[in-house]
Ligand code: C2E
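Shown next as structure tokens: one chain only, the form predicted on its own.
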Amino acid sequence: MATGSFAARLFGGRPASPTQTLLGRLERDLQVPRGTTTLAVLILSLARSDAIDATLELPESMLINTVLLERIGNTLRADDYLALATPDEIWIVLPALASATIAHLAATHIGRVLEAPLQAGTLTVTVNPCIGIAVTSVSQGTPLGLLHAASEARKRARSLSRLFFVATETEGLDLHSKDLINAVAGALAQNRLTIAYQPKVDMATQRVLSVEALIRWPADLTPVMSPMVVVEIAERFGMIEELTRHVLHTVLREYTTLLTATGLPRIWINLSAGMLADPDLPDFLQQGLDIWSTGAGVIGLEITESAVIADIEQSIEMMHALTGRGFELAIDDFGTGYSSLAYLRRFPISELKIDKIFVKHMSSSAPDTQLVRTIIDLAHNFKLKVIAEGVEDATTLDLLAQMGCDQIQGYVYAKPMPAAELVRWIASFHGELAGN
């Protein structure tokens, strides 16, 4: 992509800056009805080896900027556009995307082309990229709203040592609000948080093999918060161990008092990055099992890619410690990370969960369909079971069945539900199968 095009437009008789031009074009793109398409904004932050020279705008670094923009531009589509906001920050707009997944692929491609050093004349520069992604479905739908969300996502990517992070509903939310922090602390102190369980159905037998335990905020408490916000607040403000303890003991209590009657062999709970980094985690979990007189096989632990990749070696060591205690492990949200493929063979896991963002648009997006097929084939090559989450319709279910996906989790079968309701649902579901 040629960088000269950004200086061609005039605003008020004065040469427009690259960022002014980008914002003007982005404003127009956001006003166009998109139908089923998505628009994404990427903020690319660069840790440069010539940071001082670049800041001083020395000629050699200016040449490097040209090489940098050309290299990134070559990965983009004809309708995409970018601007150098500062020497170490680039804004990129991807309009008319068939799926948000394409923005993830674009970020991955950008990361790859920036692995090799940049050269201009006798100057050689290395960069360490970090990308925040915001899409129209989770932003305010304005240029500044998208940029703000992308900027927050970029900070998260840097803190997690990831190439990119995608903005969610938590971006733009003031997580430092005392009201939010106090609300989470109060809900934990009063044991107000509840658990909902979503079944995982085996494709071959059409039986429920396990369930995932999901935290739920009380409907009568304000402010209303999603599970994602609750977890993020708990992790940022020192409550993640208390939250994990609450989830673990609630699950074990409901398993021993209600769910054993269903014949469920396992309940999966989610581990945060903070808990995975805690050297006392195996003992912490064992203490809960001892209190409820249950074995480690009852609990499966889902770990997100981002939590593992934040510190690969420490994570692998901890994962082996957990499997040594008898816990089954799964990688959750697979496909959203950056370095997973290189390390997958080293993870002592039994299951791989495909992130719902790839599953959601399979019926209408060929790229998403191919990605899911690739992940399933890859996992099976490693002798892993594959679970697709976020499956909502029969068309997607059929596609996954044709690809050999092992288990399905999603609204196509059931929404998350309380333990007592789950008991009735499993009995009805298995009863209907027996009746056939």
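Just count from 1 along the sequence shown to find any residue number. Here the structure is a predicted model, which is why all the values come from computation and not from measurement.
There is another form of the same protein, the form predicted together with this ligand; it is not shown, and what comes next is about it.
Here the chain stands by itself, but in the model of the complex one stretch of 203-211, 91-99, 126-134, 269-277, 269-277, has heavy atoms within 4.5 Å of this ligand. Of the candidates Ala366, Ile291, Met228, Val113, Met228 is the one whose heavy atoms come within 4.5 Å of this ligand in the model of the complex; the others do not. Only one of Leu147, Ala296, Val247, Leu160 lies close to this ligand in the model of the complex, with a heavy atom inside 4.5 Å, and it is Val247. Proximity of Glu302 to this ligand in the model of the complex falls within the 4.5 Å heavy atom cutoff. Among heavy atoms of Gln409, some come within 4.5 Å of this ligand in the model of the complex.
Of the heavy atoms in Gln198, some are within 4.5 Å of this ligand in the model of the complex.
This ligand is not shown here, but in the model of the complex it comes within 4.5 Å of a heavy atom of Val391. Heavy atoms closer than or equal to 4.5 Å to this ligand in the model of the complex belong, across 343-365, to one residue only: Lys356.
In summary, the C-alpha positions of Lys383 and Thr101 diverge in the model of the complex, ending up at least 3 angstroms farther from each other than in this conformation. The pair Thr101 and Gln407 separates in the model of the complex: their C-alpha atoms are at least 3 Å more distant from each other than in the form depicted.
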